[in-house]
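First, one chain by itself in structure tokens, the form predicted on its own.
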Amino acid sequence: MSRIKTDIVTDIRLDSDKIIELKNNNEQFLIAKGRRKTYHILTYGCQMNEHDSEKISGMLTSIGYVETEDEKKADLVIFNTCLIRENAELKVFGKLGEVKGLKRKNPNLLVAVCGCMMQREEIREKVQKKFSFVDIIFGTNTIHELPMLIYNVEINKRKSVDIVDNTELIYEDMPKMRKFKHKALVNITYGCNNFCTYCVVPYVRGREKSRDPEDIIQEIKLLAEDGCKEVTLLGQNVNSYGNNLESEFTFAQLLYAVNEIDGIERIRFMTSHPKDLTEDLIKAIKECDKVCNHLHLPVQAGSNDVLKRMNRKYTKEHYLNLVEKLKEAVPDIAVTTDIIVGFPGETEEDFSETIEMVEKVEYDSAFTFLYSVREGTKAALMEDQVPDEVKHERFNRLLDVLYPIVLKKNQDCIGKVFPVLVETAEDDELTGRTEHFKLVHFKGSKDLIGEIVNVKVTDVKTFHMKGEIKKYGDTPLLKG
């Protein structure tokens, strides 16, 4: 296998003369107004976008901004966009229309649009033409340039656009403003090489590149020192981690390394591509006590014909064999998935095979989607597009099969005790997740946020469970 070196960049220009001038201007704003400039980020899409928003927050904090939950009170509104589903795209355009009114009332308001949508030239042109009040546009590969883009608008009084279609650069040491202290998202790869025929990710996030394991491990060690207990390793396909590193280092090896870091109690990862799920990785999931008993393994469809047209590079037989091996190695594992309904050319027989897949695997949960045409993908040009009414009818039939299975899985948890990482609190109701990524609500003090407590499940619904905290000394179900 040929390997390429990914260049690592640590200079993100936060100390240049221009950025120092921008920081000074923000300090003068504080003196004059008695408050700091505020920002509000609207994030659409996947966890990768969520993590990008954490980086954007870190960049803005470093130049003197503070976050506000109220976009109407913000001095800077940023749209971090998604292009995977048409619905997310439409939401962005609708919200931009609303912000236009805010801009009219406050001409000093800065509006920025970034993320996957901005990597497509035709969408950028639409934004610039229809929403001409937008001041800044930047892409997935130019987040580090945000302070300079703000400088161009505020100091040079000109709109800024900065897009890079593809790059081998990885920017390390970017400041981040984490949403939660007790859990963190950590990129291990960027981009994708799979070219599924329905997906725009390789075109908007570039080719796959892996971070050096030393940088990943060092970042997680620092997170642990800061009180982080759970990390989620992120990549479009984490299973292919290391393919472009100069020295061989696999995703399984990375899991073993992260498992040794003191302070980290839970390790999650997503997304796993079935074609790259190896025996070594299954062994690592079994042997690493901190790796959660949960695997998100997108199947997308249960028909080999559809999988081939999707360019998924595995068969339903291969997928089912993987699930069998996983459950044999880790009997307690929860398997979740993604399913697309109505892919071009999908026949009733194809759809029936997807239903059969759901019944055989018995997923703990699934993200289900109606296929939507994404311009620039091969699937958009395919003949035999499935009519919308057929998509919706099949989608409802899928849910009629899926939801009872998910509910039954949850019902099997009643009366059992699980360690739950407390994530949020509203009044005296806490919310957290089990190791299997099941959402649990229970009564307790907000002081428990960030702690792992034992919770006995008392009642369940399809999408969440209810429980009660058990006193210390009760024995939870541990990983086997």
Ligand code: 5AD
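Start at 1 and count along the sequence shown; that's the residue number. All figures in this text were calculated on a predicted structure; none of them were measured in a lab.
There is also a form predicted in complex with the named molecule; it is not shown, and the following applies to it.
Enquirer: Can you pick the one in K100, K327, K308, R85 that has a heavy atom within 4.5 Å of the named molecule in the predicted bound form?
Expert: When the named molecule is considered in the predicted bound form, the option within 4.5 Å is R85.
Enquirer: Which of Q300, N80, S303, T189 has a heavy atom within 4.5 Å of the named molecule in the predicted bound form?
Expert: When the named molecule is considered in the predicted bound form, the option within 4.5 Å is Q300.
Enquirer: Would you point out which of 176-184, 247-255, 398-406, 366-374 contains residues with a non-hydrogen atom within 4.5 Å of the named molecule in the predicted bound form?
Expert: Going through the listed ranges, the match is 366-374.
Enquirer: Quick one: does I340 come within 4.5 Å of the named molecule in the predicted bound form, counting heavy atoms only?
Expert: Judged by the heavy-atom cut-off of 4.5 Å, I340 is in contact with the named molecule in the predicted bound form.
Enquirer: Does any heavy atom of F131 come within 4.5 Å of a heavy atom of the named molecule in the predicted bound form?
Expert: No, no contact at 4.5 Å.
Enquirer: With a cut-off of 4.5 Å between heavy atoms, is C199 one of the residues that contacts the named molecule in the predicted bound form?
Expert: Yes - in the predicted bound form, heavy atoms of C199 and the named molecule come within 4.5 Å of each other.
Enquirer: Taking only heavy atoms into account, state which residues of 53-77 are within 4.5 Å of the named molecule in the predicted bound form, ordered by sequence.
Expert: Contacting residues: none.
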